[in-house]
Structure formats: structure tokens, C-alpha cells
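Shown next as C-alpha cells: one chain only, the form predicted alone.
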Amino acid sequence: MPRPAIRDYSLTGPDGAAAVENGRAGAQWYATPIARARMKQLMQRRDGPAIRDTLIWFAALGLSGGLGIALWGSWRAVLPFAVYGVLYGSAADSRWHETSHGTAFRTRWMNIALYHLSCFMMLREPVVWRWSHARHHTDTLIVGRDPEISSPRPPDFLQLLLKLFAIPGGIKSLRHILLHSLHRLSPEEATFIPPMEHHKVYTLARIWLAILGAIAALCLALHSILPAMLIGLPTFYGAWLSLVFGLTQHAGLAEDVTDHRLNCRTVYMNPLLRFLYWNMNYHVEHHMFPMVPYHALKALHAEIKADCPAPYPSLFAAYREILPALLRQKRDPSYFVPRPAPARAPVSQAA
């Protein structure tokens, strides 16, 4: 039997052009019907939950980072820096994500401030990733259109292992920051970033280079990598949980479909993981209704779960499906995990 053809996941290749031609790009996606009044309640933005969660996050960063500094030079510093790294290099991932939608806070400047901070912590340039993520939601797992497909088929297991330390993405980000500082975009970025936004990309890249350069200079002056252990390096050594979370979202599921019930997973997690992940474990819900704030996703889940495939009871259960699926896709790139969705639900009559 001939081996299936390898798809072109680039945004400038034939698969992307085919998606435009056949109507998959920018298509109408299925959404569970919900009464207008109830949806209005769910979409209400509030400052309180995000202020509370952000202050807790900052306190945990300060405590773990402070302990790391106090214990620096001793093996006892490993544990606090391990915690600090996850809070910095993984928890910031969900913070940039939620604030990119503008839904974390009701107050606009709070969204903007946390967005820029968490973007820097993840080395994800704010303007680039805002438009990249908008495309991800418009064309989720549409090959040649979605710039954020984390596990193309066939999967590259070496790349996935390196992603535990953000090596491929981090190196790419640094390369692109340098490129942008020279007033240039990559050909793929030019497909989704509007020309009116280009100058913002270039300006922010130069600011980021100045900050990273200052951290490097401070390390040289102090003859110590301690400053970089606090700013810069945690993006890499703390990235592993972000990958663990991220693969549960779409890995192994159907491509080129216009129903988020078929290409997203909802996974039940404990309160600590939900805090770190900002409820993005409710991923079907988030993709179906991306303007519902993170703090309302659990309630949204209760509204639509009868219209969705059964959620995974735990991370372990999700990976019990994901890992065999990726192994099979290595041999057969056409394989995907089917997610049986119920028949379309009637409109909820909830107030």
C-alpha cells in the first residue's frame, strides 16, 4: 500500500491555497445553540476573578523566585527555581492566551498590561501572536491555514521532546525578534499580520532586544547567570507543563473539519492545574465560544456538555489516547482519533 502523501502545513503552500479554494478557510463552524440571555450572562467580563488569580500568581512567582535567590549557590535552589520556572514558562502561556482575547479582565488596560507581560515571559511577540491566534480560531486545524498546529502529521518525536524545554519555539522566536528588529517579516507572518500593524511588530522587537540585552549584560557584570534564571531562561526550563497541557488540546484529532467537537478536547483537571491553565482544559467550550471568559468556562461546559463528546476524566486518560494516536500517525499520517458527537442539540431555554 502506498504511503499517504505528507501534507504541507506551511501557510504559503498548496494545502493553504486548496483550503481557500474549497471553502474550508474562514468557514462557518458549528456551535451548540444557547439561549441569548444565558449566553449574555456567560460572556460577562469581570475584573475580580482575574485580579485575584493574577495577584496569587505574582505572589507565587515572588515567593519561589525569592527563595531561589536566597538559596542560590546551593542545590536547595533547584526546587524553588523549578516552581518558579513552571509559573513563568508555563502558567504565563494561558495568561497571554486569555488576555489576547481581551476577556480576562473587564478593564481594557489590565488586559493589555498582562498580555504584554505574559507575552514577554513566553517570548511570543504581542502583535504577531494576537493575529496568529486569531487565525488559529478562524481556521482551527485547517492544514495550510492554522499557524498553531502543534503536532503536524507525521509527528516529529524529537521536536516534541525538545518542546519540553521550548527549544524549537524559543530559538524560532529569538530569530524572528532579530528579523523584526530589522523591519522585516517572514513570508508566513505576512499572510496574517495586516500591513498597518507591521510598525508595531518592529518597535516591540527592538524593545525586547534591549531588555534581553540588558539581562545578558547584567549576567556578565555579576559573573552569574542568576539574572537570566529570573528573566529569560525560565521560558525554556519551565516550559514542560505548557507542552503537557497544550498537546491535550488538539493532538491526534481530525484536521480539516468545521466542528470543534471533533478537533478539540475537554479534559477534567484538579483545581491547581486549572489555576495554572486558567481553565483552558475546557477547550471545546473555549473554541466554540471564544469570547466567554476563562472563569465562566466551567459553567459553559455544564450548558453544552450534552451536545459534546464525553470529556476526558483526567490528564492520564487523555494521554492514554494521545500517545498511541501519535505513534500510529508516525506510521500512518492519515490516521486520527474520531470523536463521536451527539446529534445537534435544541436551543437551551435557560434564562
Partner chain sequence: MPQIIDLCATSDIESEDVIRVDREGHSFAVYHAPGGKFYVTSGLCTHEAVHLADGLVMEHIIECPKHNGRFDYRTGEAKGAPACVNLRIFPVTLAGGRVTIALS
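Residue numbers count along the first chain shown, from 1. All figures in this text were calculated on a predicted structure; none of them were measured in a lab.
One more form of this protein, predicted in complex with its partner chain, exists but is not displayed; see below.
Asks: Quick check for you: of 283 to 291, 311 to 319, 57 to 65, 298 to 306, which stretch puts a non-hydrogen atom within 4.5 Å of its partner chain in the predicted bound form?
Replies: It is the stretch 283 to 291.
Asks: Heavy atom within 4.5 Å of its partner chain in the predicted bound form: which of W208, Y202, Y268, W131?
Replies: That would be W131.
Asks: Just to be sure I understand the contacts: of H137, R274, R153, K163, which is the one whose heavy atoms reach within 4.5 angstroms of its partner chain in the predicted bound form?
Replies: Exactly one residue meets the criterion: H137.
Asks: Please run the contact check for H176 against its partner chain in the predicted bound form: heavy atoms, 4.5 angstroms, yes or no?
Replies: Close contact is absent here: in the predicted bound form, H176 is far from its partner chain, nothing within 4.5 Å, heavy atoms only.
Asks: Although its partner chain is absent from this view, report whether S100 comes within 4.5 Å of it in the predicted bound form, heavy atoms only.
Replies: Heavy-atom contact with its partner chain at 4.5 Å: present for S100.
Asks: When the contact criterion is heavy atoms within 4.5 Å, does H198 count as touching its partner chain in the predicted bound form?
Replies: No, H198 is distant from the partner.
Asks: Just to confirm, R108 within 4.5 Å of its partner chain in the predicted bound form by heavy atoms?
Replies: R108 belongs to the contact set for its partner chain.
Asks: Using a 4.5 Å cut-off on heavy atoms, which residues of 39 to 59 contact its partner chain in the predicted bound form?
Replies: Contacts from 39 to 59: K40, M43, Q44, R45.
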